[in-house]
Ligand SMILES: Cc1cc2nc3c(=O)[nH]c(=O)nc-3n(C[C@H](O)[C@H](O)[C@H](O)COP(=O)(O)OP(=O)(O)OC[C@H]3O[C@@H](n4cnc5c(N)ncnc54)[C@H](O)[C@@H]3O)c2cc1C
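Just the one chain here, laid out as structure tokens, in the form predicted on its own.
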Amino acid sequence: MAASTHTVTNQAPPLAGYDVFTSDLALAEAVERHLAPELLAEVREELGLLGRATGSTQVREWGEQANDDPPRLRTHDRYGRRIDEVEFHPAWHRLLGRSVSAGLTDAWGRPGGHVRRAAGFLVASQAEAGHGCPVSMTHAAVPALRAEPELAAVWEPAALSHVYERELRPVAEKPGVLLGMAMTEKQGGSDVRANMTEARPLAADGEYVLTGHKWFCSAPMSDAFLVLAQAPAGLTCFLVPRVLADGSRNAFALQRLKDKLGNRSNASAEVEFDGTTWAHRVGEEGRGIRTIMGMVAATRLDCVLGSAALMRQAVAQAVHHASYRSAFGGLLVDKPLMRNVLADLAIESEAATVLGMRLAAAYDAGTPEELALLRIAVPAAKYWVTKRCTPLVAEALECLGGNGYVEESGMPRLLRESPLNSLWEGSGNVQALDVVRALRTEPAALDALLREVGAARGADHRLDRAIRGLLVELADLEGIEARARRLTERLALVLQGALLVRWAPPEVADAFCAARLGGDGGAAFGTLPHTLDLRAVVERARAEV
């Protein structure tokens, strides 16, 4: 009886054993578009290796193991000595080692470095998102370190290294390091100017000791941290190493690990500095926010890329399931309404990927015009893409029905992960207000944005109308703070539409402009005009095994 009643039929096979990079056409095309021709063969090979590993059954299992067995805090060793270490499942170290060895902390100054690194980050995050935090922090710390050339000379080569070494030792003894961040405090949150951690200067130039408490310390197992504290001249950026040059442990007390909704594999901690915590100043006293903003901008772009990765993986799983699952007399993927839902999810995912990769290319270009574009487009993209991630993942989960609500499907982990990037490095209001700040104080940023969207004018009447509407919004800054979210959303949508009109297949751009810019779509996914070529959109999003 058991054999006959438990015969398994009409179930989709696992989405495993595929190349996460090459099966993502939007991503592969963006790499081709934004890289110099002489780099393409090398980068295709490295991303293909990473893509095949990420899509393998083994790496997928590592992601499950790292989340099922989350990190543990060990404050003391067996003899009662304070050690303040975080223990991780071996799978975590394997994932982190694979990403570091793939060059995901190495972008600055490398030919095509930001595009190739962004593509790799988007790929690797699809296996497991939590390990992307130390990867992102290490990558993003480099611009801040360069404010203090002597420190950068010591720490930057190790941060850019492709070697992962987990043991805590002095930086001079390590072939590679990870860097974290500890900015926010319990009384201030995103308002870091309210920080109370005190920095007292020592006799040696640039050296201080810190006293205070940090409410969120990202990646607390890292080798060093960028920290904001109040020095005599005001809020200042500091580098706080875990291990000092003589091999002794710095005073860096991990008080507890946060019990988070998602991102379970990654540790986030509260940290105490006891008045003997040694730190080295980074940049000028009183200019801490300006110093660390380079790091914040880079991690905000990683929020966009991380959300794009979650969206892509959710869409790939939904399309894969619908391509094998039959219901009501045929495959789900062939049902007109399900096809509409899948196509709607697919265009949202592609828009996120295309935008994230365009911003990575702006980093590589590094011209004044491209840097000005980043100033306004990064917070706008961070606001909008991370906001769209959670509803997209929830809808993709629903495509799997009850199976999607079961942990074994992997979809609940994606759903728990999906809100994180909208919170990390500033919530939605912080991003919208940063866009407003750029509009008010940096006219070159708006000029760069208008040039970018202007390159697509005349190609789609709905996009043209949306650009005109955006210009009307921008012409009146009265009461702009109260409508900052509305303005930021429209700005991001116009930018995404312009990029898709220029670079995506016509069926993708047409669907996006109709639903997102032309008003011919509803609030829920699956409300695209039925006259569009939705079959082609869904086929483009399929992950081939």
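What you are looking at is a predicted structure, and each value in this text was computed from that prediction instead of being measured. Start at 1 and count along the sequence shown; that's the residue number.
The protein also exists as the form predicted together with the named molecule; that form is not presented, and the subsequent description refers to it.
Out of the listed residues Ser101, Thr75, Ser190, Asn403, Ser190 is the one that sits within 4.5 Å of the named molecule in the predicted complex by at least one heavy atom. Between the named molecule and the residues Val271, Leu235, Met183, Val341, the one pair within 4.5 Å by heavy atoms in the predicted complex involves Met183. Residue contact with the named molecule in the predicted complex: Cys217 places a heavy atom within 4.5 Å of it. The closest heavy atom approach of Gly426 to the named molecule in the predicted complex falls within 4.5 Å. Taking the partner from elsewhere, Lys260 is found to have a heavy atom lying within 4.5 Å of the named molecule in the predicted complex. Although the partner is absent here, Leu420 is a contact residue: one of its heavy atoms lies within 4.5 angstroms of the named molecule in the predicted complex.
Residues within 4.5 angstroms of the named molecule in the predicted complex, judged by any non-hydrogen atom, belong to 174 to 182 and to none of the other stretches in 174 to 182, 159 to 167, 196 to 204, 354 to 362.
With contact defined as any non-hydrogen atom lying within 4.5 angstroms of the named molecule in the predicted complex, the contacting residues in 429 to 461 are Asn429, Val430, Leu433, given in sequence order.
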